[in-house]
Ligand code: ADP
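Quick setup: one chain, the form predicted on its own, written in structure tokens, and binding and motion questions come after.
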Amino acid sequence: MKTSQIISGAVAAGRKVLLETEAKTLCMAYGIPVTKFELAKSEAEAAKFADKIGYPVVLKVVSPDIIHKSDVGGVMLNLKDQSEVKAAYRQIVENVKKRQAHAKIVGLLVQEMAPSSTEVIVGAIKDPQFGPAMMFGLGGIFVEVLKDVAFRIAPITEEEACEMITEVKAYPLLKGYRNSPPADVKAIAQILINTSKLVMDHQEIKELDLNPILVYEKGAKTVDARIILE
């Protein structure tokens, strides 16, 4: 499926928020690395996909009516075998029906549980005057409390992507600290460049949020992706 068809399909369905499966498929089309995932529509499918992806896995509800999955008990982490996956599937469906009864459940996302590492955030927001603007920051407290982020108007060059990374006050943490290895800054820069291309090609995107991206000594993986349309 072409990337434009994913967006036009959501618009035709009257949705302004892409499903996480759709957002991640868009990311993959632009070379943005994401955790392995499959959409399961039954317990049996979830168990089969978990075997295929490899344990441990994460289960997350996929619904056009739910943005904050954790708030409705729609996420289960660190599932280690088929029995845990099946039990988690039942529990998530039960949680959602109890807390948000009207929500349409498309299925459950079965996703690899990526090893923990340094977390960064890449985002984009469409400014009414300047068009898409890119954002970069380190995860957790650095974004939420300290507002330690860098911005650039898209499209961005490789040089601008690197500037965004080194501009944030928390940049020294990416160079390695205590027993933590240095993060792959080149991989982060490439994600910024590719995300810039994505939002420039699809001007219907109002907001994009890749959070968190886990960055390793070599490579990176986007764990959650959210895209909101105009």
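Counting begins at 1, following the sequence as shown. Note that the structure is a prediction, hence the values are computed from the model and not measured.
FYI, the form predicted together with the ligand isn't displayed, but the following is about it.
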Is residue 21 close enough to touch the ligand in the predicted complex, meaning at least one heavy atom pair within 4.5 Å? no
Is there a heavy atom of residue 223 lying 4.5 Å or less from a heavy atom of the ligand in the predicted complex? yes
Residue 149, heavy atom within 4.5 angstroms of the ligand in the predicted complex: no
Taking any heavy atom pair closer than or equal to 4.5 Å as contact, tell me whether residue 214 reaches the ligand in the predicted complex. yes
Ok, 156, 124, 114, 79: which has a heavy atom sitting within 4.5 Å of the ligand in the predicted complex? 114
Identify, from the list 105, 143, 135, 75, the residue with a heavy atom within 4.5 Å of the ligand in the predicted complex. 75
Within 4.5 Å of the ligand in the predicted complex, heavy atom basis, the matching stretch of 171 to 179, 38 to 46, 197 to 205, 55 to 63 is 55 to 63
If we check the ligand in the predicted complex, which of the residues in 149 to 165 reach within 4.5 angstroms of it by a non-hydrogen atom? none
